[in-house]
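So this one's two forms of a single chain, laid out as structure tokens and tagged structure 1 and structure 2.
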Structure 1
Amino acid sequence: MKIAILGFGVVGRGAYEAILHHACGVQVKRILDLRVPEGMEDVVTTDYNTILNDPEIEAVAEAIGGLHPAYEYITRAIDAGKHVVSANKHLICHYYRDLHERAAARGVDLRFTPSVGGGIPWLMNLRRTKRCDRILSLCGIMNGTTNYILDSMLTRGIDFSDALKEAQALGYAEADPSADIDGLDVQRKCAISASIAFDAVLTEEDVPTFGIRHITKEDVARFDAMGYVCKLMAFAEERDGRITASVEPYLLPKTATEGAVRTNFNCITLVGERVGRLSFIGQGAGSAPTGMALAEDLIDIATANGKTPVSLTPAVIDGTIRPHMYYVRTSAKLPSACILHRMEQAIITKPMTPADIHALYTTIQATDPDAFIAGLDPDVASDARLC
């Protein structure tokens, strides 16, 4: 199968290398990019019509990122009868229904395994598991940049800003790293994963989100001294057709599976009614792993492997399903009704829903914009020191 890669940046190059060395019936005929590298004039083009109008090109691999012009490129490819694979979680999340409807109407395949978990075959195994099981919940670390930052602050004691600079230099961060550190990247990945898991479309707005922008070295050291580690985690759960999803920094015992996840690695877990807990761990960001996942999707299309039906029913959201306690480090005065325990510079809240904790955070921000909030894992919440 002859294909084109759109965008020759971190992910596009990774996919190109993977296909070059392990072709498996896929051949890169064209690459679309604004710059034409020396020696690649035969392959790289700046004119998308060269790709669109080439009947030999059966699939395009989108690795541009952002909503536009990636959306226009993808929809034009679908309309031209070409299969599409994409690493672009922003685009897939934002246009989930639209892209699936277009692809179904045109009879082409739409795959986006690298959009969640980088090199981890998470989405394709989620789909695979779902064929004969019911997914009860999913959770995990879905962002390589923030895991790299949190891990570096813990293990090397470096500042947040220095760790972020390193993650950017290593090609893990988004063009605008706010998407990573404010949790928006995980919000989109969580919505995509939950939409597949529960056969119901979740949008970004359905996933209340906190990021790690305000975590300090002192927070990390305080958690470490108590035997805990902070990770940016996504959660989604279905009960009787109602769904709850959220993204938040989360305190776990160091001995938890996620607590031991290092550098840019992700760890994503599903709980199935029959299979129980299945965890997937691997590099969640970076050129070679993410590019390889893009190449894998192309090979799956070429070999007609693992095509599964998709439901586009809107999700019924219920934010009351998973209330839990929170660590809140702030100088703001908090209503005593929400406080379970006072610590030196922080408080532990009583169990709260995502709506409750977000409302509290909005109030706090008016006087303390640098406040930091993290959910507590049940093993942390049961610690007698916090009760």
Structure 2
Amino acid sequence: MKIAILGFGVVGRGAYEAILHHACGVQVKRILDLRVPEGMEDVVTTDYNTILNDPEIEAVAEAIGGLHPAYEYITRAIDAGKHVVSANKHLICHYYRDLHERAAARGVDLRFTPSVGGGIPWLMNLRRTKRCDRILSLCGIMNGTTNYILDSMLTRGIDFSDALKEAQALGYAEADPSADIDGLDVQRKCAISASIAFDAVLTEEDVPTFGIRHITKEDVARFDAMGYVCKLMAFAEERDGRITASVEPYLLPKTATEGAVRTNFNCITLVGERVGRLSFIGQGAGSAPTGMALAEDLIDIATANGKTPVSLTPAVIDGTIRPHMYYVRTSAKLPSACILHRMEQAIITKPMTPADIHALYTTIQATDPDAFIAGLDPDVASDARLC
């Protein structure tokens, strides 16, 4: 099968290398990019029409990123009867229903395995598991940038700003890191994962989200002294047809599986009714891992492997599921009814739902924009020192 790669940056180059050296049955005929590298004039083009109008090209791999012009390129490819694979979680999350409906109408495949977890075979195994099982819940570390920052703050006692600068220098974080540190990247990955797991379409707005922008080294040291670690976690759960999802910094025992995940690694877990708990750990980003996953989607299309039906039923969201306690570090005065225990410069709340804590946070922000909130794992919440 002859294919085209859209974008020759980190992910696009990684996919090209994987196909060039390992992908049996797939050949890169064209690459779309703004610049034509020396020696690749026969492959790289700046004109998308040369790809769109080439009947030999059966699939395109989108590795541009962002919403536009990626959306226009993908939809034009689908309308031309070409299969599409993408690593673009923003695009897939934002246009989940639209892209699936377009692909179904044209009878082409739409795949996006690398959009969540990079090189980790997360979405592939999520789909595989749900063929014979019911997914009860999913959770995990879905962003390597924030995990690197939190791990560096813990292991070396450095400030958030210094850890972020290191992540940027290493290429883990963009010049504008907002999508990572404000949790928006994980929010999109959580929505995509939950949409697949529960056969219902979740949007970004359905996933209330806290990031780590305001965490301090004093917060991290306080958690560490008590034997806990903070991770940015995604959660999604289905009960009786109702779904709740959220993204938040979360305190875990150091002995927890996620608590031991270091540097820029991801750890994503599903819980099935029959299979129980399955966790997937590995590189969640990077040229080789993500490019390889993109190439694997293309090979699956070429070999007609693993195509599964997709449900586009609107999700029934219930923000009252899964109440738990929260750590809140703020100078704002909080309603006494929500306070379980007071700590130095922080409080532990009584069990609250994600909807409740977000409503409280909106009030807090009016007087304390630097407030930090983290959910408490049940093992942490049972610690007598907190209660």
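Every residue number counts along structure 1's sequence, beginning with 1. C-alpha atoms forming the largest set that superposes within 1.5 Å between two forms make up the rigid core. Please read all numbers here as calculations on a predicted model, not as lab measurements.
Of the two forms shown alone, the one predicted in complex with L-homoserine: Structure 1, not 2.
Did D79 shift 2 Å or more between structures 1 and 2, C-alpha, core superposed: Comparing the forms between structures 1 and 2, which are aligned on their rigid core, D79 does not shift its C-alpha by 2 Å or more.
After fitting the core, E205 CA displacement of 2 Å or more between structures 1 and 2: For E205, whose C-alpha is compared between structures 1 and 2 after core superposition, the shift is less than 2 Å.
Rigid-core frame, C-alpha of E273, shift of 2 angstroms or more between structures 1 and 2: No: E273 shifts by under 2 Å between structures 1 and 2.
For D176, CA displacement between structures 1 and 2 after the core is overlaid, in Å: Rounded to one decimal, the shift is 3.5 Å.
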